[in-house]
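Before any questions on binding or motion, here is one chain by itself as structure tokens, the form predicted on its own.
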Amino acid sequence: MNENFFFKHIKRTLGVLSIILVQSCGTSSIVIEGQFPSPNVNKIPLSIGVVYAQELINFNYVEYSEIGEEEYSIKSGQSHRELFDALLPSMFEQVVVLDSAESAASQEVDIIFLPVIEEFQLALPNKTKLDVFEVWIKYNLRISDTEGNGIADWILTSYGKTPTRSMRSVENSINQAAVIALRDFASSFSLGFSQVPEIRQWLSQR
């Protein structure tokens, strides 16, 4: 066998193996972690039952590369739980965690709160050609009474960004942008809850 042909064959084989290894190890897994301070607001005299659905707790967003390969896997569900655990007790007289909306009948709560993530978007500098990492999160915040009657489906969008120059890695930058988006949500939620027309009307009838 020709020696040059043999070495060319070996190089080609190693090249293919390298590509396979890169593809199999190419997804970066990011678990969003951060601190979420409690807002300084007047408490609403209500007992709220909150349902943390598995879709929220296990929420995972996957960002794909331009050739359709998984690039980043972003798990933010637990950070949402931590956010609401800090946020809701500062806003309401009592907070009760419910297994389901149906279990509210056995609990002394006034309203039921079911937060849902409808959309998660990530913008990376290498794709947008901007010097920032950006995160948008769209929520449907479902409020109902204890009999299951809907009070409001409040759509709320939060936003966070991190300049590329301020972080040392892509993973840290994405995490920081997501944490800022969560804090943006906390501010909008705490200030806007009583101003939602359907919720304001319901409160006025109590």
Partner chain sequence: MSKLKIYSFFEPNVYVFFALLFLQSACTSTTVDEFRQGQTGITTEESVVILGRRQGNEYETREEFVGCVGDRVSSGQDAITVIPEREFIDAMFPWFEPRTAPTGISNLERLMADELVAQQMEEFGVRYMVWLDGFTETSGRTGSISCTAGPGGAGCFGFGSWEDDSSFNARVWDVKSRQNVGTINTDASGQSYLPALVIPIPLIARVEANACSRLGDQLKAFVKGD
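Remember, it's a predicted structure, so these values are computed and weren't measured experimentally. Numbering follows the first chain given and starts at 1.
Just so it is clear, the following notes concern the form predicted together with the partner chain, a form of the same protein that is not shown.
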property	result
Joint contact, G49, R142 and I174 to the partner chain in the model of the complex, by non-hydrogen atom at 4.5 Å	no
Partner-contacting position among T27, S65, S38, T146 - heavy atom within 4.5 Å of the partner chain in the model of the complex	S38
Contact flag, Q54 vs the partner chain in the model of the complex, heavy atom cut 4.5 Å	no
Partner proximity in the model of the complex: K138 to the partner chain, non-hydrogen atom cutoff 4.5 Å	no
4.5 angstroms heavy atom contact with the partner chain in the model of the complex for N42	yes
4.5 angstroms heavy atom contact with the partner chain in the model of the complex for L130	yes
Neighbours of the partner chain in the model of the complex among 107-121 [non-hydrogen atom within 4.5 angstroms]	none
